[in-house]
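As a starting point, one isolated chain is supplied in structure tokens, in the form predicted alone.
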Amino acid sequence: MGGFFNSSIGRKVAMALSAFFLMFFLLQHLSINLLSVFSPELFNEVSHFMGTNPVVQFALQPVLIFAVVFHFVMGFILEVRNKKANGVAYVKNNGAANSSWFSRNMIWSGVTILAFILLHFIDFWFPEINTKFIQGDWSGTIEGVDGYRYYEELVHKFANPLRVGAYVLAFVFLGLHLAHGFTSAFQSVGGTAGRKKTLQFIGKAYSIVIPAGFVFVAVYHLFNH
């Protein structure tokens, strides 16, 4: 196993697998967030189920955290190794002629998205951990709010224009990151043979629709709180 991760191909495959998992998570997360726009009651019900289900909390959530950390750490490692491997020859070969500036500087979008994840953790995940695991309150309710608390907390966070602006900026970078990363993930596992154009089309659609959906949710609650 150590030899697998020490090889360039092994690292790229592992990076791609973590990317697939995270892309699926983004789709699932957006689906739940959209419920807050169309059905706050259903959003509360689904959020409470996800927040109290033992399989989600004690099995899937640790896997998600590991995938996030692994993906970004591995991404930085691959970026640094690529820069070292290319060196002066990279300049001579004029990489700009074969790829966009953004695809050759994925590390910067990664840093931006990592900063966003930290903000998201501070806004939502850390308070959840404090409420459920430190205070021991798994009821999903708060004083002064009828029903479950999740919708009220979401609306409260998105009432701040500066916070919404930070989220929107982060999702723009996420879209740019996905535009390159989607096809690259399939290419790393040999899945582009004979269908590269189709995957590129799906990747572009995914990289636009998913971030735009999250932006829509944030902006909607900003102007409708």
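One-based numbering along the sequence shown. All of these numbers come straight from a predicted model, not from anything done at the bench.
This next part talks about the form predicted in complex with protoporphyrin IX containing FE, which is not shown.
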* Looking in the predicted complex, is protoporphyrin IX containing FE within 4.5 angstroms of a heavy atom from every one of L26, I113 and F124? -> yes
* Asked: A67: heavy atom within 4.5 Å of protoporphyrin IX containing FE in the predicted complex?
  -> no
* Asked: So, in the predicted complex, is F158 in contact with protoporphyrin IX containing FE at a 4.5 angstroms heavy atom limit?
  -> yes
* L222, heavy atom within 4.5 angstroms of protoporphyrin IX containing FE in the predicted complex -> no
* Using the partner position in the predicted complex, report whether F173 sits within 4.5 Å of protoporphyrin IX containing FE, counting heavy atoms only. => no
